[in-house]
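Take a look at this one chain, the form predicted on its own, written out in C-alpha cells.
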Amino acid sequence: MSDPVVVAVGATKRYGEVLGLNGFTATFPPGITGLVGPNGAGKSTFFRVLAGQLHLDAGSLSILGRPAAEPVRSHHEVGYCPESPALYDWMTAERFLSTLLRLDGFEAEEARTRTDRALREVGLEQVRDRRLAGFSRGMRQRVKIAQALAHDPALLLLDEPLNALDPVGRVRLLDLFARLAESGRHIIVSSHVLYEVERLTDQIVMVSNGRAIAAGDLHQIRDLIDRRPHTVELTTASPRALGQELAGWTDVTDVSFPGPERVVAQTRAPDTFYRALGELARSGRIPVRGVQGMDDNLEAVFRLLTEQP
C-alpha cells in the first residue's frame, strides 16, 4: 500500500472556547508514524477523532482512503489504545478482552479465538486468568494494546503508550510495535519524547497548539533538538548510586537530585544516553523504576519552528 493512511485538512475541534485542534493539516504515510508534541498539544484529541469518539467542527479527515465520518470504520479498521491506564480492575485479562469483543458484535466462540490470539501477540497468555488489579503499569499497557488489536484493525492508534514505564518495559513495547508493523499493520504512535519515537520510525508529524508545524523525515529536524541539552528525570531507589553512574558518562553534562528517589540528568547526546540507560536497566546493577523526558527542550524547538517564516 502506497496511499496515505490518514489525511487531515484543516481539522478543527472546539471544546467551548478552547481549540483542541486548530486547522490541523497533515498526511500520515503507511507504516509507523510518530505524532510528537508536548502535553496538551492536541495529540489525544486527534486520536479520539480518528477513533470516532469525537467529531470535527470543521475541516476534513480521511482514513485508509475513506471519510472518517463512515461509522463502520471505527469498529473494523481502527484500533485505539488510549493514554489513560484505567481498566476494569475486577476483570481478568481474558474476560476484559472477550467482553469488549462481544460488545463489538462478535459471537462467543469468535471472541474467545480473538482473545487468545491478542493475548499471545502481547505476551500475556500466561496471566490471562489474573485480575487486572494486580497488573503492573507495563502489563496494563499491553492489555490495552491487546484490546486495540483483537478485532484485526489495519490502523493502530497508540496514545503515549510508553508514558511512566521503566526502561525494560519501554524496550519490550518498542519491540512489540516493530513486530506489529512488520505484520502489515499501520501505526500512529504519540509521544512527548522525540527519542522514544526515533527507534520505531523516521516519519514524524510534530504538533503544537493543535496545529501540525512540521512533518516528514525525523533527521531533518534532529539538529534543532541536539543543539540543546536534553533533560531526563529518573526514578530509582538508589539515587546516589545512579547519579554517580550517570556522572561518569561522557555526554552527561549535569546530574541533580530534586527529591527522594529522583535523579535529573542533562545530556548532549540523547541517543547515546537512552541506549546506555537501557543497557544499565538490563544489567540489573542499579534499579531504575521510571524515566521521563522533559518537555522544555521540545517546546523550545517548537517555538523556533513556529517563528520561522
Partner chain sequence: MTIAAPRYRLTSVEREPRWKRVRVIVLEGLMRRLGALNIVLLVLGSLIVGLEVVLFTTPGLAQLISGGHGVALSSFATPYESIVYLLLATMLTASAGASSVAGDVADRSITLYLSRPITPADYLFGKGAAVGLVLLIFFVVPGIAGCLFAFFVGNVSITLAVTAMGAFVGVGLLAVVLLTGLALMLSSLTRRPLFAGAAIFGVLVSAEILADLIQSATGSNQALYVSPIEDLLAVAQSLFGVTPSISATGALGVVLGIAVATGAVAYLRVQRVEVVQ
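Positions refer to the first chain, counted from 1. Just so we're on the same page, rigid core means the largest C-alpha set that superposes within 1.5 Å between forms. Just so it is clear, the structure is predicted and the values come from calculations on it, not from any experiment.
Note that the form predicted in complex with the partner chain isn't included here; everything after this is about it.
Of the residues Leu54, Leu64, Ala276, Leu61, just one reaches the partner chain in the predicted complex with a heavy atom at 4.5 Å or closer; this is Leu54.
Checked against the partner chain in the predicted complex, the candidates Glu198, Glu233, Glu94, Glu121 yield a single residue with a heavy atom inside 4.5 Å, and that residue is Glu121.
Contact annotation for Tyr80: at least one heavy atom lies within 4.5 Å of the partner chain in the predicted complex.
Taking the partner from the other structure, the partner chain in the predicted complex has no heavy atom within 4.5 Å of any heavy atom of Ser191. At the 4.5 Å threshold, heavy atoms of Gly216 stay clear of the partner chain in the predicted complex, well away from it. In the predicted complex, the partner chain sits within 4.5 Å of a heavy atom of Leu87.
The candidate spot formed by Gly31, Lys43 and Ser136 is out of contact with the partner chain in the predicted complex: none of the three has a heavy atom within 4.5 Å. The Cα shift for Leu176 between this form and the one not shown, taken after rigid core superposition, is smaller than 2 angstroms.
Relative to the superposed core, Arg185 undergoes a C-alpha shift smaller than 2 Å between this form and the one not shown.
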